[in-house]
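One chain is shown next in structure tokens, namely the form predicted alone.
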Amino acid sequence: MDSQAAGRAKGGGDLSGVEHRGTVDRWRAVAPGRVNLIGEHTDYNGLPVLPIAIDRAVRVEFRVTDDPEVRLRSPVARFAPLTFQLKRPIEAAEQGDWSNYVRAAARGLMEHGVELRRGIEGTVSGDVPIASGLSSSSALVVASALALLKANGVGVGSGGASISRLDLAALLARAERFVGLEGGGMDQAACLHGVEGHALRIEFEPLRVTPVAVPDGWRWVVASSLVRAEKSAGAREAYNARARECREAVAGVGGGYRDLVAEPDLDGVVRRARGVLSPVLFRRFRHVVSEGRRVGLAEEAMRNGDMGRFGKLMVQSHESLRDDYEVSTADLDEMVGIALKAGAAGARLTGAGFGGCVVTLCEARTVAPVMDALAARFYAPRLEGSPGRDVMFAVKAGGGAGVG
């Protein structure tokens, strides 16, 4: 992210008054990816999550056009140039087409009542690895929305002709379901509300975001399993099936997930569920309520600087995702084991699963041994050379999205 946009995002102020970057009507919308530290598959069940916005982003370099049309291209050869009109109805392209994320942003804004009389033309680039569970797709949705808002004179912040970051995050979460995924609202909220050096406790119904300072000395390493986790394509049906199963499970138990997680005797809640649910629905239910409880415990551990406790909760989260939610893979499991043996305080899959990445929590002195162990034991048998910068890398908690 460029320093100007990062600074404004950190302050969370109105983005309508930014200065031009040289040529009139040429701008850059920047939206970071995210790494979810704990709280997986809980957002669409109304339970909190604890991610960080990362120091990698999707960028839309654009100029404003007088005609209501979007024209974008990518330097990546497999992403064909996209063009569509900003008028109702905005139809979906073929499943898996990258333009659907830009279309979703435009559709969401229009359904919210934003008049999109002017369009954008430009280039999409970035360094968030695609289909890795780091929310590159939501970053594209957010960046596209910010570009369209800027083109049409709508600021993000407070006062005047503007929309709040919370409202924008909520409407873009709804809009992204246009691609056919029954997701929650974590990704868009993390992207828009990132604060440097902080994790984000994100709560839902209503949406609330609370920054939590990451203790000095805590380091995060992200490593790809080399299996793409494309929620807009192959993994979509499995992801949506989990969402349906969660709804069926809580209906069978009675009440809502938030109230059930808040009950003092969570073990009693789980025993009650075992007696009324099928084995599959019980496993899904047990993951959701136990993961919901872990988020609060992890936030407490982070505030107390208790790396050991936080790391154990990450491992418990991974085991639950593996055994109860059944979204891990043999490769992800292997990577978690390698990282822990090499000295990581904690490790787990991050994102929806079905491939993608693991995130590891390390002390500064253990970052290199963990990365060396993954390179030697996981990547060397699978790659001809060393893992590249989009395969394994350290990340920092970064600022939120902005336009400049």
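Each residue number is its position in the shown sequence, starting from 1. Because the structure is a prediction, the values reported are computed rather than measured.
What comes next is about the form predicted together with a small molecule, which does not appear here.
- The single contact residue among 186, 106, 151, 168, judged by any heavy atom lying within 4.5 Å of the small molecule in the predicted bound form, is 186.
- Checking 144, 317, 138, 224 for any heavy atom within 4.5 Å of the small molecule in the predicted bound form turns up a single hit: 138.
- The small molecule in the predicted bound form comes within 4.5 Å of a heavy atom belonging to residue 43.
- Interface membership of residue 178, defined by any non-hydrogen atom within 4.5 Å of the small molecule in the predicted bound form, is ruled out.
- Proximity of residue 339 to the small molecule in the predicted bound form falls outside the 4.5 Å heavy atom cutoff.
- Taking the partner from elsewhere, residue 257 is found to have every heavy atom lying beyond 4.5 Å of the small molecule in the predicted bound form.
- In short, of 43 to 51, 366 to 374, 59 to 67, 339 to 347 it is 43 to 51 that has heavy atoms within 4.5 Å of the small molecule in the predicted bound form.
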